[in-house]
Every structure is written in structure tokens, then in C-alpha cells.
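In C-alpha cells, one chain follows: the form predicted on its own.
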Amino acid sequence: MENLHSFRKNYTKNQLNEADIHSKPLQQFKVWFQEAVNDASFEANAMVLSTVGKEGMPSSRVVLLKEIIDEGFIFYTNYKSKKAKDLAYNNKASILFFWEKFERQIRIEGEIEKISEQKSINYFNSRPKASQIGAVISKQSEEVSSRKILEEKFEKYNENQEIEKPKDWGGYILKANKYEFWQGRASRIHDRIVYQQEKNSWNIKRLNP
């Protein structure tokens, strides 16, 4: 195995200066996000969702951001999954975007709540049929004895069949109260700009790398 001590990369592609950023973090997020989307060589909306359940153990997994609105960031999942059980116990969570090509990451913290049932239904109905079937047959996070069982369940449906959204499946929204924008820089002197919500305004500050 290679010696990880020797792994090095110098970040030189971009910079993040206070004079160039938006006063509102969501607008700054949209600028960076659009640049990532425009590249089209990776899944820009992939984000790491971290939760903490009743055991006190942090748990992280990659999920897909599906909508950005003024109130926050929306994603969908099974309401009986591990992440959903964590959120039912503790609705404080974080999401993380890492875009290696741009040498950037964004950390966002806040509180998560379910979106409306109708909004979840609308999104479910817009999904490809195969994805709808996948959501129906999966008891997410529960043990299954073999992949064959899932495949057999899947094959019972057909592409012309109308699929209803499962009751235990739907969306969440993370309402942010803190953002950190990280831009890799040379010599590990990275740019870190934090937006912290204070009442109805955002306090902006730079952190040591």
C-alpha cells in the first residue's frame, strides 16, 4: 500500500475574496452551484448528509439535492430509513458539497423538516418509472437476504403500470442557519468564508485555514 504521507496536491485554480461574494449565502451558493452544473462532468447535486440519532453516533451518506428554494434545500428519501429515524430524534443536520474539479467545498448546517405531502407526490410522479418502482419495493436500511429478492419484486411491475407514492416516502427541507464556503489555495492557506445567521441578518467572517 502506498504511503499516504506523500500524497500532496497544491490548490491553485480559484480564490474567494470578501469583495467578490454575495451578502446572502444562498445567492453565493447558487453562483458556485451553477458553475459546477455547467461543467457537466460530475454529479454537482450530490451532497453528503450527516445526521445524529439517539445513539449519539454521527452518520453520513451521499444523497441528491433535488430543489433549491428560498427556504432551503430539498431532498427525498424513505421515511423509515436510518437518516429519517435520526431526523425524527434530532432534526439538526448538515449537508456538504465537494467539487474536486473546482477545489471547492460548501458546508451547510441547519434544521430539517418534512415538506408537504402534495409536494412529495408531485415530485414522485415526475420520476422515471423504474425509480418509482425502486422506491416502492425497497424497505430502505432493513436487511435483505439477497439481491435476487429485490430483482424479483421489481419484475412484478411493468413500465405501463401506474405507481402510487408510498406513504413512507417523501421529501425533507434543510433550512440553513450557517454556511461555510471553502476554496482551496496554494500552500494550504485556503480561503474559508462563513455566513452565520443572527436574527434576520447574516454575519460574514473569514476563518483561518
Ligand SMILES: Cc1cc2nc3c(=O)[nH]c(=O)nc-3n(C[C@H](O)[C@H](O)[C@H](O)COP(=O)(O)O)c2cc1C
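The first residue of the sequence shown is number 1, and the count goes up from there. Keep in mind it's a predicted model, so treat the numbers as computed, not measured.
Keep in mind that the form predicted in complex with this ligand is not shown, yet the notes after this line are about it.
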Would T77 count as a contact of this ligand in the predicted complex, using a 4.5 angstroms cut-off between non-hydrogen atoms?
-> yes
R61 near this ligand in the predicted complex, any heavy atom under 4.5 Å?
-> yes
Though only this chain appears here, would S50 touch this ligand in the predicted complex if you measure heavy atom gaps against 4.5 Å?
-> no
Give a yes or no for S141: in the predicted complex, does one of its heavy atoms lie within 4.5 Å of a heavy atom belonging to this ligand?
-> yes
The listed residue (K82, K129, R107, K119) that reaches within 4.5 Å of this ligand in the predicted complex by any heavy atom is K82
Checked E43, E55, D39, E159 for heavy atoms within 4.5 Å of this ligand in the predicted complex; positive is E43
69 to 77, 129 to 137, 110 to 118, 89 to 97: which one contacts this ligand in the predicted complex at 4.5 Å, heavy atom to heavy atom?
-> 69 to 77
